[in-house]
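We begin with a single chain expressed as structure tokens, specifically the form predicted on its own.
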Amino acid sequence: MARVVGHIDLDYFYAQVEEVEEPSLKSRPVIVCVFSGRTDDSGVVSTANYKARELGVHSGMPIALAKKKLGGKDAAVIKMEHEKYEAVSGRIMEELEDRVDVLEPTGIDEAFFDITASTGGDYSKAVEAAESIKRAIFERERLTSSVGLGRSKIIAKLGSDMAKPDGLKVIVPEETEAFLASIPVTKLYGIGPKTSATLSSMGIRTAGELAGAQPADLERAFGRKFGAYLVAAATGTDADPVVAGLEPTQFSRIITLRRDTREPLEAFDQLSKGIERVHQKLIDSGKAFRTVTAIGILADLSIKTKSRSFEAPVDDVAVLRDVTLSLFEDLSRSVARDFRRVGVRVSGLSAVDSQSSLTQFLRPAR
């Protein structure tokens, strides 16, 4: 059975989330920035949309320089709100988990996945699955994504890079060698400037040339393990498996309300299924929680939270529901605007067998 590995990358993620919240931004250069606070312009660009990139702005660029490049272009300069992006990412990763065999998140905006078993190694079925994933993300979040499919992680990642923006690149096994032949070695995962310079000194600049190199020469230059990896990368034969993500540190669910409201019971009722989903994830992972956080995204898109912690881990859904409602009651009294979206997060996770007595569950930490 042919192996089918995918890589998905959410296009210019932070900036695209901002465009979805404010559609008028789509016609403008947009940069999402991390401000240091020292001056109005100190800090760096985290993400730029494609209109800003066309003007020479890129991630890691100082904000002051980016503003100079965008001068007179009606650019939007937005402060990064990590919690907001994490919430969107969390929902997308949940959607992906439901649609693939194995999901390996590698960042807030990208992940590897394996669909070998569900497609039977059939790449025509894999294409249908990938298109369905892209469509589901767009319908749910109005975000575009780029996907690559191939027989290894390296091939899949190359595919998603080539598919940007909003595309799907499929490299079937029998076409892998031809696909790789002219790819610069700098595009292969794990090859940085130092390795690239060494390879260049050996007359190796493409994956095809690397694939044809003498293993002994590579071993002398890079050692046995990395030398073998380079050959596998250049031939698309690396067998690095897609593995489930790291142990979760939290579970959350955020929903959009049917109408803006500040009534805690109305918000809680609509979030009820989300609470059940979070609890099911706790059960599936064998985890209990110490902290519950109620999340409110207001009509002006600001984010407010209230949390409560327990001395001992809890896994009781009744406790989760009661505490969540209480937190929304507190939250509604502390804000001056209606909720547009609401959510719940549990954190401080530990194994269920580390729990103590029920009375300890119900005593909040001081």
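Predicted model, so just to flag it, every value in this text is computed and none were measured. All residue numbers are counted from 1 along the displayed sequence.
Separately, the form predicted together with a small molecule exists; it is not shown, and the next lines address it.
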query	finding
Joint contact, Y14, S59 and D109 to the small molecule in the predicted bound form, by non-hydrogen atom at 4.5 Å	yes
Non-hydrogen atom contact S332 with the small molecule in the predicted bound form at 4.5 angstroms	no
Contact of V314 with the small molecule in the predicted bound form (heavy atom, 4.5 Å)	no
4.5 angstroms heavy atom contact with the small molecule in the predicted bound form for E19	no
L301: touches the small molecule in the predicted bound form, heavy atom cutoff 4.5 angstroms	no
Listed range touching the small molecule, judged in the predicted bound form by heavy atoms within 4.5 Å, from 48-56, 324-332, 304-312, 66-74	48-56
Position in contact with the small molecule when the complex is considered in the predicted bound form, options R91, R277, K164, K84, heavy atoms within 4.5 Å	K164
